[in-house]
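First comes one chain, alone, set out as structure tokens in the form predicted on its own.
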Amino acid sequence: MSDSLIGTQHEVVGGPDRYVTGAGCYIADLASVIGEATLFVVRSDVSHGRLVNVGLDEVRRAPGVIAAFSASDVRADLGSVPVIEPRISVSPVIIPFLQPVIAVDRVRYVGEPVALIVAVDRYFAEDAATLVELEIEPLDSVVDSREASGSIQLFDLDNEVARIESSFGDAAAVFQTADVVETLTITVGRHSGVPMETRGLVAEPGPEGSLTIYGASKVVHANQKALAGMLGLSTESIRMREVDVGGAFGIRGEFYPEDFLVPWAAKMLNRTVSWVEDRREHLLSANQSRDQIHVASIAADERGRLLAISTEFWIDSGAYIRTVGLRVADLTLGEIPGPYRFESYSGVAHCVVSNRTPTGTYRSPGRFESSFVRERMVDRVAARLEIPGDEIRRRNLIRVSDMPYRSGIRSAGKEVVLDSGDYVSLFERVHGRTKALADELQHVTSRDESEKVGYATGCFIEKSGLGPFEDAIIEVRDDGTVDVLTGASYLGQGLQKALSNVVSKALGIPVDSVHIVRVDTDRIDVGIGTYASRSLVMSGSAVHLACQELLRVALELAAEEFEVGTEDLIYDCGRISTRGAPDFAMSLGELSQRRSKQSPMGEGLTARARFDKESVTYGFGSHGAVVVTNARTGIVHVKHLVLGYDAGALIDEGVVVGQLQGGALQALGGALFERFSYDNVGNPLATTFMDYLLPTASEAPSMEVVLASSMPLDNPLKARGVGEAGIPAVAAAIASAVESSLACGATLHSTPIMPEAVWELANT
């Protein structure tokens, strides 16, 4: 194993200075230094078909080509072609729908791997790819999720993988007697994370069949275990090391076919193999998300009291069920009722496969979708009763006196318990600020007469802090600085700043003395990872406990050195002294040096702790949007977003604000711009940034953050995760604000909100 490939400056998670000066170490940087060979994936250009032949003879003779492989080579080596097992939401029903690491006898989406070419560089590999004798017999395709259970079968089963239900109360009875019942078909378009840096890996063979994998992220230990099982190796023989990551957003770091193919090729060739996808590959084959069609209903009484909500929806999983299983459907079902006091609820999810790119989780999975559906339906009630939407929300939000609020609904296998927070107070603050910004904008005299100002607010609940555990290790260096290791992955979310603050506060040492170390499975052997806004709550709490354990160990060591009891010692800012004799003291660094000299293994002062948690930490939020709608063109300009969230205790306010703002910009993309579209035979129509639109700095609105700080009781930091809390209600607030600007009812029911839909609304 080559420990020198990543220098110590890159083992430690860097601050902004390192990145803005171009000194980061990303996977492409590493590939250019140590990559002896480059892997190129040959992908299907047919959405559905029988794989008749993959001829590679000419490819193997092409200039610069080292080797070429197909499924038959994988089978010859391992006895079978592995499938990618689910990481979460494991269910027997999904087993027949799992993805093989390389196509065997059928292809099911454009972009599916059918062969791989290893060459001296990508240019030679791409040239050689034109020589592949690829024969695919086309089959009819499934592209409409509501028609997935028709005569075309992607597998030897019906295309509906599962039907999942969730409910409380008797919704059917309520709908029969309610004063107001509204029903609407709502579509949430397919879009995804699209991080700045595409995916990539470098696999380096070592002695005795071992492998070192660079570029793993998000769920490093889970991927280590999955790869070991596929290759028939022990987990300990695979070392995974994280490098700098240019964004992840839930889609990077899951186990994809390439996460097997790159290490397998390196093992077969006994040489270091690298792979970095280009943007077209990314838009074709990385997890896409959202893509739900809801038929939703809501019931209320004549005073605007919300009584029941229901939805039956179809969620398109794409061609295969990938590592997150059916989790997005489950999360959507779990948060349809949201922060309101509904008496009853009924939800049915149809999880189907189609001939489109497989889907997975993307920042705030299920919450973006459920919030758009719920808030649109609340606005339908408001329009029907001619009561302002903010008043309907105000009347129906869960009160402090209702807590802990239990409807009996479950999500991600856990009961949804809303245990703290003043929802009404935070909503009023967000609504008041949103209205004030809209009033200011109304007085701008330079605006064209066709431009109309509108504003609205939406509400949501957000989950974070998902267990079951996370470990942390604190190691004191001889100079008194400390290394911090956890199973959490560092994806640019500012986690290193928050963890540094936790350690600084717990140990009383400067933040600059804390080194947050990237995940290396040789240094920390277990971990759950970074997703579901869990890292601060879980890893931060583990770090907090590890610091307490470190102080306990340090006091015991100092007591031995000073020949006194621990009760006679005082700890202050990295130094331990005896009571009444402050000059008789030792620093943590000196204690670590003493211990390393005495330890047979040379181990210094170190401590390890685990934080276990069964509950999920829920928080409340409200988003406000102020828009200017051009009635002549249908173009919507979002001028202001107000982002309210109850984050609990603030470990680092700058990180909280940055996470909320970054999430909100992605939600803006999903609301107005981003859409993966396909033709009627499953060909993708958005494979470049000419076709897949992203919001830029020009579209970014001003953003204000409004924070509350009720204290959750399920973690020692009293904190809530905020990585996804900038997203859930943004699209709903924008849609409602557009309708407000045009003085019309709740009729925008699809994302992205297209200019033609707005124009039609403005001109009918």
Partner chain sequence: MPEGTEHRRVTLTVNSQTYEVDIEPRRTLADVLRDQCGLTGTHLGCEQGVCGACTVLIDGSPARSCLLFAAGFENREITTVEGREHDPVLAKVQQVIIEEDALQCGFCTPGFVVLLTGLIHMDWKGDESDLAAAMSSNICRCTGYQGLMRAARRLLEPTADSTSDQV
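Residue numbers count along the first chain shown, from 1. Quick caveat, the model's predicted, so the values are computed rather than measured.
Just so it is clear, the following notes concern the form predicted in complex with its partner chain, a form of the same protein that is not shown.
Trainee: Which one, 410-418, 156-164, 124-132, 327-335, holds residues whose non-hydrogen atoms are within 4.5 Å of its partner chain in the model of the complex?
Mentor: Result of the contact check: 124-132.
Trainee: N680 near its partner chain in the model of the complex, any heavy atom under 4.5 Å?
Mentor: Heavy-atom contact with its partner chain at 4.5 Å: absent for N680.
Trainee: Answer yes if any heavy atom of E137 is within 4.5 Å of a heavy atom of its partner chain in the model of the complex; otherwise answer no.
Mentor: E137: no, not in contact with its partner chain in the model of the complex.
Trainee: Since only the chain is shown here, I'm wondering whether G193 would be in contact with its partner chain in the model of the complex (any heavy atom pair within 4.5 Å).
Mentor: Yes, G193 is a contact residue.
Trainee: Would D29 count as touching its partner chain in the model of the complex under a 4.5 Å heavy atom rule?
Mentor: Output for D29 is yes: heavy atoms within 4.5 Å of its partner chain.
Trainee: State the residue from P86, G246, G589, G467 whose non-hydrogen atoms include one within 4.5 Å of its partner chain in the model of the complex.
Mentor: Among P86, G246, G589, G467, a heavy atom within 4.5 Å of its partner chain in the model of the complex occurs only for G246.
Trainee: Sort through S344, S210, T687, T481 and report the residue having a heavy atom within 4.5 Å of its partner chain in the model of the complex.
Mentor: Here the answer is residue option T687.
Trainee: Contact check in the model of the complex: R279, G492 and G662 versus its partner chain, with a cutoff of 4.5 Å between any heavy atoms. Do all three pass?
Mentor: Heavy-atom distance to its partner chain in the model of the complex: all three under 4.5 Å.
Trainee: Scan 52-73 and write down, in order along the chain, each residue with a heavy atom lying within 4.5 Å of its partner chain in the model of the complex.
Mentor: Contacting residues: P63, G64.
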